[in-house]
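Quick heads-up: it's one chain on its own, the form predicted alone, in structure tokens.
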């Protein structure tokens, strides 16, 4: 009988997924949604894994949100029947892939993000020869995609209504700017987001559902009684943005860590590790931290090269070459997209590997 490997036997750097923590986070978000009669359409751009999607759907998720067509295609083995592609589709070359997706789903939703983009979307939809459900994007402060005023929203709705292959079914927004809000400011900013999308929605059709999407706000949005769908992405994993900056979860709930090894001690106050930007990406907190030790020690990755991380902090001088430690990333999404697989663990035991099925699916 083969012994179950332990974390101590793994080569580094390696991304660890704590399955029990993740499953608890999945259940907790789904319970909030169930309690308030809100549908959960989690965004898979964070996890990109069929195995995670299966667990989200089994817990009660109504559908999945994807960033790109390739992500949607990669999620089909999960058994998903409803997908929302929350991106500005404009290239008619994608029509055959959309048609194939629609034929394998009960519902395929696409995004209308501006008047000009919706005009291009009409050509895509006609080329599919399928009926595509449309979600109208509203900019609520991130200043990315989405209509900015009522007139534009009405114009988009009119274009959709004139196309037999398109049907307007909801209003969505990504309130990602709230990641930068202080915890005590989050509720007020979430209400401002809802006021804005409600204003746009009511000018078109008060019966249309509201579908915000952000892990910082998902639970509070679900509890307002004003939304019908939430679309968080990072909630089942967590990272520094959720556990340290926005504080909507605790560090003990974060399910993704990166196991690294100290490979050099060039000078006092500095340790080098074997994981750099090819593992963590270049993302960092507002204070310039790419990752932090999960065991409570004052150790942070404050600089990255491609293959090295620079650790500093009050406890760095206790580290020796060969020491291993787990780090919580500042932003989990690119960490997952940079690895072929995650190593699934429960406690100190290694349960196996899960492929990152939608890794690199940017088309």
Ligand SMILES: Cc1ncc(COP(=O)(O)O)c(C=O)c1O
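Residue numbers count along the first chain shown, from 1. Keep in mind it's a predicted model, so treat the numbers as computed, not measured.
Heads up, the form predicted together with the ligand isn't pictured, but that's what we're talking about next.
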Margin query: On the criterion of a non-hydrogen atom at 4.5 angstroms or closer, are 145, 172 and 179 all touching the ligand in the predicted bound form?
Written below: yes
Check: Out of the stretches listed (316-324, 334-342, 39-47, 300-308), which one is close to the ligand in the predicted bound form, meaning heavy atoms within 4.5 Å?
Finding: 39-47
Note to self: Is residue 257 part of the interface with the ligand in the predicted bound form - any heavy atom within 4.5 Å?
What the structure shows: no
Note to self: With the partner left out here, check for me: in the predicted bound form, does some heavy atom of residue 214 sit within 4.5 Å of the ligand?
What the structure shows: yes
Check: Taking 4.5 angstroms as the cut-off for heavy atoms, does residue 276 touch the ligand in the predicted bound form?
Finding: no
Next item on the list: Please check if residue 109 has a heavy atom lying within 4.5 Å of any heavy atom of the ligand in the predicted bound form.
Entry: no
Next item on the list: Note which of 200, 271, 291, 234 lies within 4.5 Å of the ligand in the predicted bound form, where distance is taken over heavy atoms; exactly one does.
Entry: 234
Item checked: Contact residue in the predicted bound form, from 125, 194, 86, 229 (heavy atom within 4.5 Å of the ligand) -> 86
